[in-house]
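We begin with a single chain expressed as structure tokens, specifically the form predicted on its own.
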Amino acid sequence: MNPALSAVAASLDVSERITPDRVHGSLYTDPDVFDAELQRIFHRGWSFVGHESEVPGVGDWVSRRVGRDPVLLVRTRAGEVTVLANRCAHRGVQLCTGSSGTNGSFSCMFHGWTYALTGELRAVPQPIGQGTAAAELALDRPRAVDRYRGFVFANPSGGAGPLAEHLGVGGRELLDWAADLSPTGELDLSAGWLGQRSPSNWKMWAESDNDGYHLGRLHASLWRVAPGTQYESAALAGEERVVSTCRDRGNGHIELEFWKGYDKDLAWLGTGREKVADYVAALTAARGAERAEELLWKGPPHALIFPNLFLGEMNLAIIEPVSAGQTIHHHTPLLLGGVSPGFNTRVLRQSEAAMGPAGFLLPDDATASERMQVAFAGTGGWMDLSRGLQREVFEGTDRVGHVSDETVNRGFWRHYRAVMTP
């Protein structure tokens, strides 16, 4: 880490800017806060890197960032998935410049240093003059890398404790839920990623992706053009009649439970059983009748795994922080293993309609986030998060509110405040 960044992160205290029912706008715009987040959240904690399905073969890699550090998610010759710094250990030149590829090794274009898929230095041109031993010049890597149900996470410092502890029961249930929708338990993130750069803070995306209050207003164009979606009964039927809820699952993991308000099974897929009878049969055979019926009704989760993984129903998104006022929101369809090509084509078309550059949802969210960033650019001001506080209830350790309540926002900021405490 940059020593100057470390000094800022070690001393900065944001606790007075977060109360149980409001947050100060400077947390979105203050560069010192952003630097502290890079260290306390993305360096000291766990964050999502990618999915095993993105690197199916030996030598396959995809480029990602952990915080702002460029990394490679790589499949080694032993079949393991690992995470390496996308930076030569000699003079720091970026090794891979594309978004994905397949290599037998990694070679630096500057001086030709060559690395194995596991990161060890294998060859140095004109080796007689080399000083430091090759064994000491492997590619940097996060000190802890772990995975759950194919989802790969990294903790650069190695001091965050087990991934299972970070995910908690709630996080593991959400990932299980997504994977269990596949009859084989396998997800497929091979459809390609789209990234949208937005002049807004990364935390705005973590919140807006899981905000159930804005649907009727911000996305009104969708309801006019495509009436009858699953959201109408789940979130747009009026505050008194809607039975959908939102849930703070702890550790910053938050969820909108739209499924409680669906009026039929497979509403999330926009079709009926007769159109996907082969999927229904395969899911029932794999999961048993009771679990299959639950999944056919609920569909996929709509949730955030803190800090940067968004399970957006049949989409998956990575929230990439760039600066205090810049974010890249990457998304891809959540395709399922063990289903027909036609089933995944339906998922792809839905993703294009909702999340694509001309989609009905993501451009609206981007505009709202950008206007928030502009509005907080001066002294900031306070942001109210009290909606639903009086009707929030506990279910076990989870806090649960009406789908339009800010229970999820408060859950996000409660965990944020804890991990950002010096």
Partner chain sequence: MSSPARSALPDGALHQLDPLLLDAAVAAFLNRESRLADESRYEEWLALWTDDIHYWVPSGAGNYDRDRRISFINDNRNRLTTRIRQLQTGLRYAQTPVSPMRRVVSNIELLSVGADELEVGSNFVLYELSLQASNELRIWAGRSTHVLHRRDSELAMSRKVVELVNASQPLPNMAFLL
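Keep in mind it's a predicted model, so treat the numbers as computed, not measured. Positions refer to the first chain, counted from 1.
Beyond the structure shown, there is the form predicted in complex with its partner chain, which is absent from this document and is the topic of what follows.
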item	value
All of Gly67, Ser208 and Trp259 within 4.5 Å of its partner chain in the predicted complex, heavy atom check	no
Partner-proximal stretch of 358-366, 39-47, 59-67, 381-389 relative to its partner chain in the predicted complex, 4.5 angstroms, heavy atom	358-366
His302 within 4.5 Å of its partner chain in the predicted complex, heavy atoms	no
Contact test in the predicted complex: Glu352 vs its partner chain, heavy atoms, 4.5 Å	yes
Partner contact for Thr345 in the predicted complex: its partner chain, 4.5 angstroms, heavy atom	yes
Non-hydrogen atom contact Val169 with its partner chain in the predicted complex at 4.5 angstroms	no
Option touching its partner chain, based on a heavy atom within 4.5 Å in the predicted complex, out of Ser190, Gln130, Ser105, Thr271	Ser190
Proximity to its partner chain in the predicted complex, single hit among Gly101, Gly228, Pro199, Gly288 (heavy atom within 4.5 Å)	Pro199
Heavy atom within 4.5 Å of its partner chain in the predicted complex - qualifying residues of 208-223	Arg217, Leu218, Ala220, Ser221, Leu222
